[in-house]
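One chain is shown next in structure tokens, namely the form predicted on its own.
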Amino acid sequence: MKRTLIIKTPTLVGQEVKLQGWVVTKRDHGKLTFIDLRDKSGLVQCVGFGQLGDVTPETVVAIEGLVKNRPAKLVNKDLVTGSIEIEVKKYQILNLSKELPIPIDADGYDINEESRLKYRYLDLRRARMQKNIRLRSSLTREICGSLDKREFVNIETPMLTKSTKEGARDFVVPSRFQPGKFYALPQSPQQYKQLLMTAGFERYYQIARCIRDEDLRADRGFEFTQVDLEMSFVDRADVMQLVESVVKEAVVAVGGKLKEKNFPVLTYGEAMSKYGSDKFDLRSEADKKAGKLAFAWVIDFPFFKKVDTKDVAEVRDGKSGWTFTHNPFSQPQDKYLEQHLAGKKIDQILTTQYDLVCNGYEVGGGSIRAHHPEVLMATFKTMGYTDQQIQDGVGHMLVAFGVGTPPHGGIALGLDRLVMLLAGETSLKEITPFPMSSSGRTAIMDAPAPITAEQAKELGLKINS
């Protein structure tokens, strides 16, 4: 007999079915044993006469039984399968569960992080986590579908690359074949997606894994996922309009509620003057109770800012005391191009950057990019780089910009934060399958961990403990 999903059982009254799943609860009543059985589709009550006495909560079982209507007074109206039950004919224990180290019958908020991450495979069984992870999958599918129908091409970019200037520290990987040299894990696919524009793909996207060694907090981790896209022959308005349409379609498709049909647009100056932040929350208390998402655009950002001397990455990037506010590969606005190239009145230069904010969080950022060598060189010269340092760092981009790179722009949408807001959560850990702890340790597998002396020798590394 083939397996039937639980959700289909109300339509099969009078028929025998085979169910497979996890025992949620068990109730013994003499010779009768009641269990609630769970699979990916739902929950159903099963009744065994002289059977099921040896199962325990979270045991994996296969049950064959008859689908029967419940007596009217015993119908559970809160359950999709509440009108029926399964009369067990025979069952098989596929994996008997021991007593669980953490409870999974509640939302889990009261359980300490260490325990939840150590037993994450159990934590993920709870209904709230199942709902969140499935929401993540649904949103990703809708975004990809929306981009696919707009003729974007899904292209993967490398995970082993070169250290770039993205505003954070890199995670580096030693090379066995070239001792003393290192790859860097990508902070974003920024340079590769621009090179894809040079390659003539015109519309690119990917669901990109990005890795940055930066301070951890509830809405930021070492690893994150972004919806990365880039378009050729566009201006700022083109990109913003397309992204807004894609976001609205996807959010509504998964049940999200939008405060505004059209996203408001504020300048950076207006946002700072009115809200004191460029990551503001436009919701009223009623909006918050209704679970609405208040998206807005922020534009007209300064291109450069003074280096924060307490930020190691900024100090490293901004050798002159000036560093970029968002992205060194951005194009200045047309009216500031001349002074950008001249390196004059740096504090007045505005960039083509645009940020998408929602409910007090930045959920996306992008810009029209530099596509002429002299513009990119001017950016790095403003930050204090010599010609040789520029060639060493982004010389490959300068070459590409000299062989027919079209004007282009794009954005990176923070998939993690979008899901977090849709799910009504306040931490990325609640929508990430296997997140790191607050101290940067991995779930379950207990990394970072030492490597063996043999591995270190093979990689040409000397470890000072």
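So that there is no doubt, residue numbering starts at 1 and follows the sequence shown. Nothing here was measured: the structure is a model prediction, and the numbers come from that model.
The next section is about a form of this same protein that is not shown, the form predicted in complex with ligand ASP.
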For this session: Name the stretch, out of 306-314, 148-156, 178-186, 364-372, where some heavy atom lies within 4.5 Å of ligand ASP in the model of the complex.
Result: 364-372
For this session: Kindly indicate whether Thr4, Lys68 and Thr81 are, all three, within 4.5 angstroms of ligand ASP in the model of the complex, using heavy atoms.
Result: no
Problem set entry | Contact label in the model of the complex: Arg203 to ligand ASP, heavy atom within 4.5 Å | no
For this session: Verify the contact flag for Arg212: yes if a non-hydrogen atom of it lies within 4.5 Å of a non-hydrogen atom of ligand ASP in the model of the complex, no if not.
Result: yes
Exercise. Is there any non-hydrogen atom of Ala412 lying within 4.5 Å of ligand ASP in the model of the complex?
Worked result: yes
Exercise. Do Gln190 and ligand ASP share at least one heavy atom pair within 4.5 Å in the model of the complex?
Worked result: yes
Problem set entry | Heavy atom within 4.5 Å of ligand ASP in the model of the complex - residue from Gln226, Ser232, Gln333, Asn359 | Gln226
For this session: Have a look at Thr323, Asn132, Asn327, Thr352 for me and say which one sits with a heavy atom within 4.5 Å of ligand ASP in the model of the complex.
Result: Asn327
